[in-house]
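Starting off, we have a lone chain in the form predicted on its own, written out as structure tokens.
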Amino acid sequence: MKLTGVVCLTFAACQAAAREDEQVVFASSENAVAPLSVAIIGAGAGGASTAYHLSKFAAASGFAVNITVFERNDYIGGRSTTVDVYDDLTSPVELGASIFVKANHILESAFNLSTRSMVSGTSEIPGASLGVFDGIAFAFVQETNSLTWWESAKALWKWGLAPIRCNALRKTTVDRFDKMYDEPQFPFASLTQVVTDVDLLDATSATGENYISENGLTGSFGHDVIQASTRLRHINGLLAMVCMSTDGAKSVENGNWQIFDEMLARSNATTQLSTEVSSVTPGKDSTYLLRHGPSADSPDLTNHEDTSFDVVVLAAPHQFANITLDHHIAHIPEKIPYVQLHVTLLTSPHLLSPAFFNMPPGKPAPKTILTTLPPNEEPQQGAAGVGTPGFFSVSLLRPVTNPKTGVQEYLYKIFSPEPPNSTFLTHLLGLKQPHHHTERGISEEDISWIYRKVWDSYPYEVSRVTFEEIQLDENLYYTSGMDGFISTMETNALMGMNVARLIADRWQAKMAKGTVRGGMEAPTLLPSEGVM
């Protein structure tokens, strides 16, 4: 029974990757059909998964496909991205999506296709593995990565059967979601319909607080554990449950973005980085014209061009993509509110101060600290929702070596609604001597490197019973509608796989009817050829 708060889900396994030599060979014919041309806008989890699975489904279905992925950033991975500690290219750290779990089979399978290594832990550093802090004291402390029998006994003594009931509710809820991966639900053309069909409306239409209370999870357990695990996300009942699924949490050494890089490499797609799509316009015969060129921060802004594609997949939130969708397109995605989160990465030779957490002198603070509100403090909206603790979480990620001094230091990540100021950091690290401070903050002796980022990191998962359309128009698809339902690396990869299957099934049906390319006959497979 794990009580940490990381977002994940249990998903169906994906198959082995398609290789270039698995392409179907077609007989020569006057009516031979050109490969299906597909544009994918965005090289994050949704876009990479669409490309990867579409190449597999195309090979299995017996048609050729040419995939082009446009990414306005100069990197692959979307919100799963890294920055370099000490500005050293050999020492990246996750800035965004940090972990996936054993149950995330799409990501797990993609990882297993590569030779990547897992990030090492912090077991040699003193301090408990996890603590839940309410701004006054620790409501819960877990000494190791897994609960010991003694900790389990203490948990049962403190919360009664609530942890067991929570686990049962989590399993029931996630098992319903898991049905979305199998026939007859998969592939699903409507997110709203499939949520109804798998009986998840009760979870998505209630707030996390109401959902757990309606299912008998009341009292201090909801405050001490569930609130700490979920309050970053402003969530509905479904996500409240999947936040509690953390078995086998892991991350890839040098960045989880490598999973999506591997997917794109296996798809044989043409990936154009630092390339921005500015508009999508309907063309002839249900095709689309994409206007694209160098990104706004690129030195070359003159080389823009128009390219026609049979199918377009928008695999990025439309409200942030800066793409004009022609007004003739049947459906334009709605805007949804996103959480604006401050991420602070820093290195320091100091461990977290026990005094900051009102701990006895000499007792090391936990290495990962989540926060909850103190008793009798009501949750508030926006940045004020952080309450008395003043931050959402702080994590000691790993020991590092300062390249300038050769001294061992510690790498920290802080999530907060506002950027931590020098006063907060001084108390957090237990810095007491005034001469350590400068007009700009804290000296390099105490904080040798710091990186700050504020971004619209993920959506508020509000209660709702209807969800964004998957198909915006004929041959135009949208994977980021999943964000209004559940936004994780794995769920976006799921939607990418789902869209890929919808595209493949539609194209295969048109081939079978001989209606491909405005009535051309479908190609004839050579008798001895097929998918290997």
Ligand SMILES: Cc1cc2nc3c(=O)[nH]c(=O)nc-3n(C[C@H](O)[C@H](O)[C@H](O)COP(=O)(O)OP(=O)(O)OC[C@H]3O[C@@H](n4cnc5c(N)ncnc54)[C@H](O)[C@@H]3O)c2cc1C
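Worth saying up front: this structure is predicted, and the values here are computed from it rather than measured. Heads up: residue numbers just count along the shown sequence, starting at 1.
Just so it is clear, the following notes concern the form predicted together with the ligand, a form of the same protein that is not shown.
Engineer: For the interface check, one of 170-178, 341-349, 191-199, 325-333 should have non-hydrogen atoms within 4.5 Å of the ligand in the predicted complex; which one?
Structural biologist: One stretch meets the cut-off, namely 341-349.
Engineer: Please pick, from 316, 369, 313, 259, the one residue with any non-hydrogen atom lying within 4.5 angstroms of the ligand in the predicted complex.
Structural biologist: It is 316 that has a heavy atom within 4.5 Å of the partner.
Engineer: Only one of 392, 356, 458, 86 has a non-hydrogen atom within 4.5 angstroms of the ligand in the predicted complex; which is it?
Structural biologist: Checked against the cut-off, the match is 458.
Engineer: Using the partner position in the predicted complex, report whether residue 498 sits within 4.5 Å of the ligand, counting heavy atoms only.
Structural biologist: Because no heavy atom of residue 498 falls inside 4.5 Å of the ligand in the predicted complex, the answer is no.
Engineer: May I ask you to check whether residue 41 falls inside a 4.5 Å heavy atom distance of the ligand in the predicted complex?
Structural biologist: Although the ligand is absent here, residue 41 would touch it in the predicted complex, with heavy atoms inside 4.5 Å.
Engineer: Just checking whether residue 131 would be counted as a contact of the ligand in the predicted complex - the rule being heavy atoms within 4.5 angstroms.
Structural biologist: No, no contact at 4.5 Å.
Engineer: Given that the partner is absent here, does residue 95 sit within 4.5 Å of the ligand in the predicted complex, heavy atoms only?
Structural biologist: Residue-level check for residue 95: yes, a contact with the ligand.
Engineer: Mind listing which residues of 59-96 have a heavy atom within 4.5 Å of the ligand in the predicted complex?
Structural biologist: Heavy-atom contacts to the ligand in the predicted complex: 70, 71, 72, 73, 77, 78, 79, 80, 95, 96.
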